[in-house]
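This document starts with one chain, in the form predicted on its own, laid out as structure tokens.
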């Protein structure tokens, strides 16, 4: 009998919540720390916009929508995937992956979602408030029903692109034993996604924009949903929106292939 993946995930989520509530003070501190960091980031850009009307053609409240989109996507990634990817190399080192392989469930699903960091979802609700505050203040913006429907879809696609990059890098721990430097590399490359792609211009910026759009598609993660929501619909780059769907599918397939390839190289800790 095949397990219910939704039921298994809900069990993981419930157990994680119980564990977090066992240490309530730590949970509260983590939630406050995460929200405070994003508020300070927002404060920094508020100061910047006191000296300039726009950044790469993004006005103040348009950019606040961009920041809200960043918070949506990062909070979901940090809540559902990041703690699990951090533990994968430890599972390999200690032999815990042996037990995951013995479970009657897909190994990638198990190692990707067995823990939920509920405190990271605080930023999700801050992002909702920021989005509700910013959208009415964008001059001339008239949102269509399609934009309201497409925005959460592309936020969802962005989460899966970042997950694909993360699981691909985490899987290398099976070959390397410990891959902290490669895991840190994930933070370095995802920093490029936190800024409008229009700023990547010129002899150095243009190659970076092309590479992080078409090779490692992290620039589409936030730029596409933020642009669809914050910009007038006629200005949206629909070709980029279409490419984001293809990039998500390709990223998931590629990361799955890397993970399966790494598993074939795994040697049990007891062997």
Partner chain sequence: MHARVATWWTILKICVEERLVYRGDFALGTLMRFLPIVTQIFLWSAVFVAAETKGIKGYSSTDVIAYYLLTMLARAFSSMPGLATGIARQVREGEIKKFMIQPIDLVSYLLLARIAHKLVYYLVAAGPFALVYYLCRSYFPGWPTPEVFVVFVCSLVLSFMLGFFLEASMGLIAFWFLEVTSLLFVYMLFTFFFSGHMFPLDFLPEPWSTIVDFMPFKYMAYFPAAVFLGKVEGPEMWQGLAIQTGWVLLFIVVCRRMMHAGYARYSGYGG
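Numbering follows the first chain given and starts at 1. What you are looking at is a predicted structure, and each value in this text was computed from that prediction instead of being measured.
The same protein has a further form, the form predicted together with its partner chain, not shown here; the description that follows concerns it.
**Student:** Going by heavy atom distances of 4.5 angstroms or less, which of 163, 151, 192, 80 would be at the interface with its partner chain in the predicted complex?
**Tutor:** Of 163, 151, 192, 80, the residue with a heavy atom within 4.5 Å of its partner chain in the predicted complex is 192.
**Student:** Pick from 241, 216, 67, 55: which has a non-hydrogen atom within 4.5 Å of its partner chain in the predicted complex?
**Tutor:** None of the other options qualify; the answer is 55.
**Student:** Since only the chain is shown here, I'm wondering whether residue 146 would be in contact with its partner chain in the predicted complex (any heavy atom pair within 4.5 Å).
**Tutor:** Result no; residue 146 lies far from its partner chain in the predicted complex.
**Student:** Taking any heavy atom pair closer than or equal to 4.5 Å as contact, tell me whether residue 106 reaches its partner chain in the predicted complex.
**Tutor:** So residue 106 does not count as contacting its partner chain.
**Student:** In the predicted complex, does residue 185 come within 4.5 Å of its partner chain, counting heavy atoms only?
**Tutor:** Within the cut-off, so yes.
**Student:** Contact between residue 176 and its partner chain in the predicted complex at 4.5 Å, heavy atoms?
**Tutor:** No, residue 176 sits far enough from its partner chain in the predicted complex that none of its heavy atoms falls within 4.5 Å.
**Student:** Among 152-160, 109-117, 197-205, 136-144, which stretch has residues with heavy atoms no more than 4.5 Å from its partner chain in the predicted complex?
**Tutor:** Going by heavy atoms within 4.5 Å, the stretch is 197-205.
**Student:** For the heavy atom contacts within 4.5 Å of its partner chain in the predicted complex, list the residues of 122-141 involved, in sequence order.
**Tutor:** Residues within 4.5 Å: none.
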